[in-house]
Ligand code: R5P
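In structure tokens, one chain follows: the form predicted on its own.
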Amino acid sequence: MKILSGTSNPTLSKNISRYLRTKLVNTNIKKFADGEIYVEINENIRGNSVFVIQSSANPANDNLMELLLCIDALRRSSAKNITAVIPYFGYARQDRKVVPRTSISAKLVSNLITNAGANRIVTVDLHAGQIQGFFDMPVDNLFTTPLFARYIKKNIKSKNFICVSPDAGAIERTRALATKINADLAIIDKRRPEPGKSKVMNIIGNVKDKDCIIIDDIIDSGGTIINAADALVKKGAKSVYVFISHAVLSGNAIKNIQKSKIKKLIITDTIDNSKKIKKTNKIQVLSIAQLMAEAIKRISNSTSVSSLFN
């Protein structure tokens, strides 16, 4: 087994390799003056099982292209099999045609990864579970819910929790967390008047005098979650904690979160935000390095990955 790291999140890759007690593959990844990406592998990987760790976070197109080139370089170097480890699977929000004449980018990206030569996919909290069906290969979709549940039990002292789904699409994820921490469930009914903007219409469930736990897979500009927190506080919520798997945090998201009614935003390191969040005290990062390393080890040893979440 060998681990190859792309440039999107080198810290996470180093932590994973440290847990697995192995060195990262010696590679040379650079850009030409016109922006073209160059990938060179500087050691023999013939006959090895190689795991490529690369998120398609900002800059999404560059990081996606780098992943494809790494896979292609490994295939041409006679790797035995290639597993694309994609902590944050970008373009997943476009997984169907919501309006006419739009692309289904999640399917296109899955085709690109397949045709590049990957034999297996490992990712974290896919935006929509059905994206696994876009691949004609094994897909291991890892869940952050157990990680969040452990944090809540250890760090948030409350006997009056309620888990809040920010929209209908997150109900399954929210119910899973509510079950683990033995909490009630509430749902926010929201509308999207236009892309990137949301309006809270109603809150289904009693949140008065309760500590609210919002869980979702992606936070981008932060508008939806901030509006949800405001609506919960207006309904009498005692406090609002937010747990997010993938913190895109584009634009003024961090400033807006700092000024919001959110008490604490807990994110993972599927996307490297270490430089962005230095000056804020509202955001805390939980590492998924151990979870991903354990999944990689189990895949390499042909043992159960799903038992990680039992």
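Keep in mind that what you see is a predicted model, and the values were worked out from it rather than measured. Position 1 is the first residue in the sequence shown; the rest follow in order.
Omitted from view is the form predicted together with this ligand, to which the following refers.
Note on the partner interface in the model of the complex: the residue among R175, H127, R75, K238 having a heavy atom within 4.5 angstroms of this ligand is H127. Taking a 4.5 Å heavy atom cutoff to this ligand in the model of the complex, the contact residue among S165, T224, T83, T144 is T224. Remark: of stretches 132-140, 230-238, 211-219, 156-164, the one touching this ligand in the model of the complex is 211-219 (heavy atom within 4.5 Å). Contact annotation: K107 falls outside 4.5 Å of this ligand in the model of the complex, judged by heavy atom distances. At least one heavy atom of R93 is located within 4.5 Å of this ligand in the model of the complex.
In the model of the complex, no heavy atom of K180 sits within 4.5 Å of this ligand.
Heavy atoms of K190 reach within 4.5 Å of this ligand in the model of the complex, making it an interface residue.
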